[in-house]
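Each of the two blocks below gives one form of the same protein chain as structure tokens; they are labelled structure 1 and structure 2.
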Structure 1
């Protein structure tokens, strides 16, 4: 009952530092939405074509970057072809950070232009989505590096929605998340999976519940789930370890404090 507050805060701080320096790999209760994302990608035939929108910037990277990295690990590991774009202006800056972590050439023998391409930022929100799904070459003629897309093997036979086996987006914007449902699912009848910040989940989850989204990555928790499922642990699992370890300690403090209170109260009575 008389433990100084500073001691308790110091112990909580230590409980956060330990898993940060040495991740413990504590067990995760993988959510159904994350498992559905993983299963949707896993069940695609090898060589399937995926349209992927990196629709977040530096502010969303801590929550959504780890999940995007895990998602690309799974897609490259399965041998899928990935057509990448960004409907967020900063998405073009997130792309090299993500690829530096995934290292598709080194880890999977993937080749740029043959196994994936990045178009860069395409302005217009749903207009850009409709353009890519309707007629790619009417909207985009070169990739982010300035290459003619007709010169890239990955673009052979890829012209619009019918050529995409899956549409995926990870975003900090509700308009973008809903836009891909409207355009990808409702307009072009493509299977769609999505990722968003945890605070957006209440507004995006209904699309998952009704089957318009086949999977949903829910912020840092969903990112940790994907890292666990893909067996590529990263920053999200570290964050999960920190939260689990420190909050377990807090619960122990609460339990001990209540027990001590009732023992003391019983002794006084």
Structure 2
């Protein structure tokens, strides 16, 4: 017995559409890694300076976009100053999408240039990270809008790694996630938190276990946790219903496949 591929895919699609149209608000257990991310940001004194790397593009947006939005809600709410950059080429296109959802001016009275700045895409991966942490002004002279960074109040006294109270990144790339550990933690001894896709958790979590990452937001589950903790429910909490439905269906498929295999094997023998 073999269920056709089309049937399985159609059932998966249905299992996604039902909770998407009709969110059920299924229970959620907040994981330790997301709780640690939240606590790390929460315990920073008001006005702390955070370096934030938006390192994902359109492919990662459904998984990482909601978590990034929740993260910024928490940071702006706490009155932190955020220096944003992108080590992913598409990060510059994610920035307006995310800011349209966070609305820092309306929601928190934050002002661009005073409370946050965006440098745009900086090529080079780890070289860019090392450059920003080493000497910002040697690498960046203007922000994404073309303003001289020395004219922005948020940049007053911010020159390099020692001036960042926290380094945060959310990325679809293992190299970028590990790069911030190597440059932010190992080279410059800064506290680092990271966000990644669920499928990357196995390779990034060891850095969390050793304390090199103080918090880890893993994929849509981590994003839903953060939305819950920051009390800003959004797409991730809805998506966790979808995840519950579709993954339960996958478990049923696995069970059906195995039962069919053993029945067939029993019949043959």
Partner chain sequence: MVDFRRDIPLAITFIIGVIAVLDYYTTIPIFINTFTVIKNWGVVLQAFALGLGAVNLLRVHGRRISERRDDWYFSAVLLAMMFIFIIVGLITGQYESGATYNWLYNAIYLPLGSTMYSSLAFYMAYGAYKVLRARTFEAALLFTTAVLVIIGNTPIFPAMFPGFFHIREWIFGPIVGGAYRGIRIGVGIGAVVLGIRTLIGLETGYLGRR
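Take the two forms, find the largest set of C-alpha atoms that superpose within 1.5 Å, and that set is the rigid core. Numbering follows the first chain given and starts at 1. This is a predicted model, so every value here is computed, not measured.
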Legend entry - Structure identified as the form predicted alone: 1
Inset, instruction - Keeping the rigid core fixed, work out how far the Cα of residue 13 travels between structures 1 and 2, to one decimal in Å. - result: 7.6
Legend entry - Once the two forms are fitted on their core, CA shift of residue 255 between structures 1 and 2 in Å: 12.5
